[in-house]
Ligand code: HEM
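Take a look at this one chain, the form predicted alone, written out in structure tokens.
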Amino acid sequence: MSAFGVFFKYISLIASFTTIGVLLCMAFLLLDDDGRLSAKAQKLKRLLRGSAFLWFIGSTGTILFTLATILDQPLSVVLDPIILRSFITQVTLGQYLFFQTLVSLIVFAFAQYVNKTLTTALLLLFSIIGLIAPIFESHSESGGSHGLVIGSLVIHVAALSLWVGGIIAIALLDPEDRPLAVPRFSELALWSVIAVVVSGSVNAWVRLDFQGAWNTAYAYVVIAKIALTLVLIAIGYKHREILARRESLDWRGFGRLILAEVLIMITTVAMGAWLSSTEAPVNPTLKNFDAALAIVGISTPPAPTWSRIFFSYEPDALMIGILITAMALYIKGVLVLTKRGDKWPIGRTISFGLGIAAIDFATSGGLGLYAHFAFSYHMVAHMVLGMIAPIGIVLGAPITLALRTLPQGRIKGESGVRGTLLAALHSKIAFFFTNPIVALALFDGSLFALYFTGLFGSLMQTHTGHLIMNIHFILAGILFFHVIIGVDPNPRRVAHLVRIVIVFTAMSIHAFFSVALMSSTTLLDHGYFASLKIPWVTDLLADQQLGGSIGWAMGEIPILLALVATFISWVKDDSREAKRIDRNTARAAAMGEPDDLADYNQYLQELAQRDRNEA
């Protein structure tokens, strides 16, 4: 890419990081007023609009100069509306870059109107998604280890945006606002630094792990970037030392340290912009053509055996990062409760851990590996992600744990992080999605939308599509089982009878889907599995029909268990209600209050005595 292209890429990165940092400050670091942005947070809106607009300019320039580099043509040719429209609508990289540009424009347009911490948090999440979107096309599948390279780079950039963006935003805060924002950011920065270092190391190792790669200019810049990152970590450690003696803290000197950190970070981001605009050295051992490697990013594995399924591992770094973060936060929550003297059921922790392990097995383990190459294994992975793992996650009660351990307001009237989660749980969106009909539609209805349209074949073609499918399976399963057997707080109370009806309906729909799959006479993947030329799958239609029977067998058992669990919960709730009524009756009698049942019995006795007297 030309020098102008690198410049616009750099502007895009710095502006996007600043945008994310400002949103982070507004949503979580500064005070809020009962869930609404405080006056100090409102003051950052002008800075947010400015950084979002600069991000839009940088993203637009990146599109133009990326296309010019691809076509090897001057900018005047690229500005042709037909050529530009074709790039952003028909080429995957162009689509992702255009999506990022749209995100920056949307943030700019809505920056003035956000007034609640929950809305600001959602805008923060939206901005991070826009930032990482083009990364999914930053590495050729034929380069090998696609899931590891892309996943580690996504984690690296997302964590870097929170770390660098947070530091930039804090440096731009008014000096009197920093004492409140810095301590809370320090905790987030520690997690971000760990993610940046681990993901960056993994990415560099995968890209440069062959002879001669470390003697290139690309490698030298990587080494320099690592050195600057170590300097930043040392400064961050100094931050924590300074914050430990908060009562004698010189905030003016601390501000100068933050400014020095920002300058080093800006230099580091410039190196990252150059690296992201430059082709990494090509491993000569991967030059031989492999259909699977070119399409999936993974070489065709040998024929599956039990040992290969259980012990093979093809890491999907992004999913691994998400799972490790979820498990680490869960364990931290348990430790917080333990230090406080409270107990957390060990069964819930084990259940959550098993759910996380099942997701890892179905995405990065042997099952996840073979799910790319045969429909039957894909269906097994689907059932694990959508029906088995979610039960463990739901029974682990992560929302309850979060509500008991998340930071509350630092002063009276502030909602804090816990208040933001409560606002999300009581929002109209949560109320809509926890409707049993909506949960059922997403859980079972989406099966038909995915497999009996062209969507399945399209999603399987790309790493992004495969990731979207996996996340959908997981979230749809968690939502369904949360509504049916969940122990976490639910925005709406669902009667047990309604739950049982929903479970029976789910069983029927799932059985119908499986039978339709087993009796299908055409392939649903639109040529995806055939293009891989897999030697150990000789009959693709038979494998697809096998997937239908597997889906039926594996899908009915978890739903049946949910039905039994719902019935047991119903019986226990009725028993608890009866005991509650008995306790209230006994308490009323002890206090000398009227007892309706005793009065009625007395009335019957009086009638009987009157009848005897008349006789």
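When you see a residue number, it is the position in the sequence shown, counting from 1. The model shown is predicted, which means the values in this text are computed figures rather than measured ones.
Missing here is the form predicted in complex with protoporphyrin IX containing FE; even so, the following discussion is about that form.
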property: Residue stretch of 476-484, 197-205, 318-326, 88-96 approaching protoporphyrin IX containing FE in the predicted complex, non-hydrogen atom distance within 4.5 Å; result: 197-205
property: Every residue of F361, H382 and G555 near protoporphyrin IX containing FE in the predicted complex, heavy atom within 4.5 Å; result: no
property: Close approach of Y218 to protoporphyrin IX containing FE in the predicted complex, 4.5 Å, heavy atom; result: yes
property: Contact of A15 with protoporphyrin IX containing FE in the predicted complex (heavy atom, 4.5 Å); result: no
property: 4.5 Å heavy atom contact, I226 and protoporphyrin IX containing FE in the predicted complex; result: yes
property: is_contact(L275, protoporphyrin IX containing FE) in the predicted complex, heavy atom dist at most 4.5 Å; result: yes
property: Contact assignment for protoporphyrin IX containing FE in the predicted complex, among V107, V164, I155, V394, heavy atom within 4.5 Å; result: V164
property: Sole residue of A374, L160, I168, A121 within 4.5 Å of protoporphyrin IX containing FE in the predicted complex, by heavy atom; result: L160
